[in-house]
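Read the single chain below, which is given as structure tokens and is the form predicted on its own.
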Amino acid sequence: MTESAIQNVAVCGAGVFGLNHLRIYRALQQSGSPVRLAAIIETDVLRAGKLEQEWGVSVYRSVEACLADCRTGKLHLDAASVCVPTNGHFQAASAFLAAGIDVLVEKPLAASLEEATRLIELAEQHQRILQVGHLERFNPAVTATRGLLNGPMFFEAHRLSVFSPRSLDVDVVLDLMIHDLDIVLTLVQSPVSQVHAVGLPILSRKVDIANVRVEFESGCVANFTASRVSTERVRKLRFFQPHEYVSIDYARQDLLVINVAAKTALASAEAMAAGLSMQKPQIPQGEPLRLEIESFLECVRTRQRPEVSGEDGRAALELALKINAAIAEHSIRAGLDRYSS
């Protein structure tokens, strides 16, 4: 492998998600993949000092300082992971894109549709890769459903987590539910026609639990429940299509397919039971984040469109913001705003 073939990457933001990106880039590097962790950007002084000792690479206090070294030739970067809080996504990602560096941005793509649109424009203008970190797209159980789609008409998604102070800069819709919004948008491939939603702040000042019903122009309906104040951790998606039921367990990377032969669908209960076919396909296990980063690096090498493009990230963000608007409207209509302080 030549030196020029190695991709130099930076990780911007070394919080929980940033540390996972660091871990995977280093693991890929140590396994012989053509990638090198070249820099870390972290604004926290104490954390930055520890990172330099632990990872043995240059640690910068700002994106601007990092790019200044790139301009002088002291540092060369091909790609960067942006793992800062959501309100900093645009500033960091736009600076990298303008500098000719390919970018993987953690979800959600940006804090507003305007910022998301501008990032897409910058990527196109500078001919850069812009990938959004909807990692469930790379979950092996989700990947395995692609060949099973046959006009799904009803989805039921549950994503529950115990409370954590992580990601409290956004509500539960942008923190957790957006994963399932992205998956369903990808599987349905139809414009949204209606959104009904309710949500409540429980332990934080933002909505911590939400229930949503989304209707699509195709006639498909999707129900989403997301909570970050649950007593258990659940990551499941189920969908129904003609004569078939498909259940995905994201955490276990399991897929269950129950099929009812069309000729027995309207027959007696005994005939229907006899016509049931239950399958649990063997799915190769894999860490979604590692698969996501490997896919990103492949796009950097080949210049192909990312699996989760900027446009995909914007679509998920647009639906999430519509849901938040519906939650706010419901809160006023139901008089829930009187409980806020």
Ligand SMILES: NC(=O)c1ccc[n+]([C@@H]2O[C@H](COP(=O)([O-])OP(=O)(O)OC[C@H]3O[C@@H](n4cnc5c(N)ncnc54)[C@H](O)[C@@H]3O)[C@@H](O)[C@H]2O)c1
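Everything quoted here is computed from the prediction, not taken from an experiment. In case it trips you up, residue 1 is the first one in the sequence shown, and so on.
Just so it is clear, the following notes concern the form predicted in complex with the named molecule, a form of the same protein that is not shown.
Per the 4.5 Å heavy atom criterion, the named molecule in the predicted bound form is contacted by stretch 79-87, the sole one of 79-87, 139-147, 197-205, 236-244.
Contact annotation: T43 falls within 4.5 Å of the named molecule in the predicted bound form, judged by heavy atom distances. In the predicted bound form, no heavy atom of A10 sits within 4.5 Å of the named molecule.
For the chain shown alone, H179 is a contact residue for the named molecule in the predicted bound form, at least one non-hydrogen atom being within 4.5 angstroms. When contacts are judged by a 4.5 Å heavy atom cut-off, C220 does not count as touching the named molecule in the predicted bound form. None of K280, R301, R47, R305 but one reaches within 4.5 angstroms of the named molecule in the predicted bound form through a heavy atom, and that residue is R47. With contact defined as any non-hydrogen atom lying within 4.5 angstroms of the named molecule in the predicted bound form, the contacting residues in 6-28 are C12, G13, A14, G15, V16, F17, G18, given in sequence order.
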